[in-house]
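As a starting point, one isolated chain is supplied in C-alpha cells, in the form predicted alone.
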Amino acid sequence: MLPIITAFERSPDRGKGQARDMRVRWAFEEVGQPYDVRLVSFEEMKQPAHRALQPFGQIPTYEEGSLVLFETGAIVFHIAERHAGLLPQEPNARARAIGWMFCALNTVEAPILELQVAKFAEANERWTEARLPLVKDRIRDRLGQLSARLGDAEWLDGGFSAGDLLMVTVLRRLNISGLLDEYPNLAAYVARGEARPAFRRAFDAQLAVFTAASAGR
C-alpha cells in the first residue's frame, strides 16, 4: 500500500508550488518513494472526516496503514528517517540536518508567514501600512543571519539534506516580495534547490493538479 497524502483540489497559490504538500511531494521524489494523493476541497478540509486526520483542517496529511501524520516537518522527517537520501548517516551530521529542519520551520518561516498575514488577511486593517515595514525588517534580520551562515557554501551543512529541502520551500515564499533578491547567495541557494530534478518532478505534479482543476471549471 502506497502512502497517501492530501492536497488542495484547487490550490490558492495558482500552481506556484507554494502549498505545503509541495514539501512532502519533494521529499518523496528525493528518496524515490512513490505515493498517492487524495485531493480535498476547502469545504472538505473543514469536515469531521478530514479533521480526524488533521485537527486544524489543513493540508497535507500523511496516511500509511494505521499511521496518520500531519504537519509537514513531521511528515518530511518521517520520510527522511525511513528512506535514504535526506539525512546523513554520520550521527553528528544527521543531528545538524535535523536542527536545520527545525530552524527552517521555527526561526525562518515565522516572520515570513507574518508578512503574508499582514499583506493578505490583514490588508484592510488601518494599521497594516505602518506594520509592514517592521515585519519586513524582521525578515531581513533573519535573512541576513542566514546569508552570513551560508556564505558561499552550496548547502547548509555539507550535502543536500531535509534541512535544505524545508529551508528552500520556506524561502520560496518570498519570491513575490523581492526581499530574497537583497541576498544574492540566498537567491542562488533557492535556485539550486529548484533546479534539482526531484523538485521539478514535485512541482510539475502539483502544477498538473491546478491545471486540471482550471480546465474543469
Ligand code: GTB
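Numbers follow the displayed sequence, beginning with 1. Not measured: the values here are computed from a predicted model.
Keep in mind that the form predicted together with the ligand is missing from the display, and what follows is about it.
Open item on the list: in the model of the complex, does each of P12, F42 and I59 have a heavy atom within 4.5 Å of the ligand?
Closed with: Yes.
TODO: Specify the contacting stretch among 185-193, 42-50, 27-35, 155-163, defined as having any heavy atom within 4.5 Å of the ligand in the model of the complex.
DONE: Result of the contact check: 42-50.
Open item on the list: Check E114 for me: does it contact the ligand in the model of the complex (non-hydrogen atoms, 4.5 angstroms)?
Closed with: No, E114 is distant from the partner.
Task: the ligand contact in the model of the complex: F8, any heavy atom under 4.5 Å - done: Heavy-atom contact with the ligand at 4.5 Å: present for F8.
Task: the ligand contact in the model of the complex: A205, any heavy atom under 4.5 Å - done: Because no heavy atom of A205 falls inside 4.5 Å of the ligand in the model of the complex, the answer is no.
Open item on the list: With a cut-off of 4.5 Å between heavy atoms, is A198 one of the residues that contacts the ligand in the model of the complex?
Closed with: Although the ligand is absent here, A198 would stay clear of it in the model of the complex, with no heavy atoms inside 4.5 Å.
Task: Residues of 138-177 having any heavy atom within 4.5 Å of the ligand in the model of the complex, listed in sequence order - done: Residue within 4.5 Å: R173, and no other.
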